[in-house]
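First, one chain by itself: the form predicted alone, in structure tokens.
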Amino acid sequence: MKTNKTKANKKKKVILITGASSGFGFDVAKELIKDGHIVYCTARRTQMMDELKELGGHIHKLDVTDEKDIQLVVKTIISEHKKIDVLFNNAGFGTMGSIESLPIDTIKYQFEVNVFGIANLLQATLPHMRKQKSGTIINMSSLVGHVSTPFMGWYAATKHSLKALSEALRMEVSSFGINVVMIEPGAVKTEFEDVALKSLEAVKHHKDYKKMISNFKANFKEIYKKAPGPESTVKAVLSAINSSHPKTTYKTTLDSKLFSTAKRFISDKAFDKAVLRQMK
């Protein structure tokens, strides 16, 4: 009996999740807690994580743009458990609008959350993972880390940045026993589409863009109407966490697999025409 308990304890991982108040972060946290892992569930909206707290999750407020929040949470985890086995960088959001029209302050905040917030978390956790000679870093990327479309350019730019950062990091830390994983879903039914559409409607566009935006919104809504739920993406994250040798990239939806592959085999002009044709 003692042997089984010891074995179970060895498998228990200390996991830090950002953006755990909803979407993929919430669903992954819920499954990990049920599996017996020690899960630090962080987000700005801590009031939305009562269910995770009841299940046994460690709830902490964390704004990824606030270095003090990050340092405090990491310090707490190390103080209580002496290690961090997994960092799941899930916090992020999408703003939509033309390249010309999105306010610079909005663009900067998009990068603060989706890129520099992750950079701060990496720099806070990597020293501990290097010291323990193990760890898994999972970055929530997207199909738009490969493919950029009208009115999603600034959001796609953050995911392109994250892809480049993840690939460099993967090579930098491989000799320290640290895995770096990218999760790349396409359209998935979460809060994303509602937040993104609201951001698009809040932007003041020139009338020249009116027809194209109308077509884009109709197409976007149709895509998300047919989009799958979060199950395949959640399953991929859990697989990466539970594997000692996870894949470097998990494309978790059919559109992610098809479009990122197609982009490599057709010309830029042909791809542009295909996207614009679909929007019409």
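Quick caveat: nothing in here was measured; it's all calculated off a predicted structure. The first residue of the shown sequence is 1; numbering continues from there.
The same protein also exists as the form predicted in complex with a small molecule; that form is not shown, yet it is the one meant from here on.
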item: Stretch in contact, per heavy atom within 4.5 angstroms of the small molecule in the predicted bound form, of 137-145, 98-106, 163-171, 124-132; value: 137-145
item: Interface membership of Phe192, the small molecule in the predicted bound form, 4.5 Å heavy atom rule; value: yes
item: In the predicted bound form, Thr65 touching the small molecule (heavy atom, 4.5 Å); value: yes
item: Contact test in the predicted bound form: Asn179 vs the small molecule, heavy atoms, 4.5 Å; value: no
item: 4.5 Å heavy atom contact, Arg45 to the small molecule in the predicted bound form; value: yes
item: The small molecule: the contacting residue among Ala156, Val113, Leu197, Val203 in the predicted bound form [heavy atom, 4.5 Å]; value: Val113
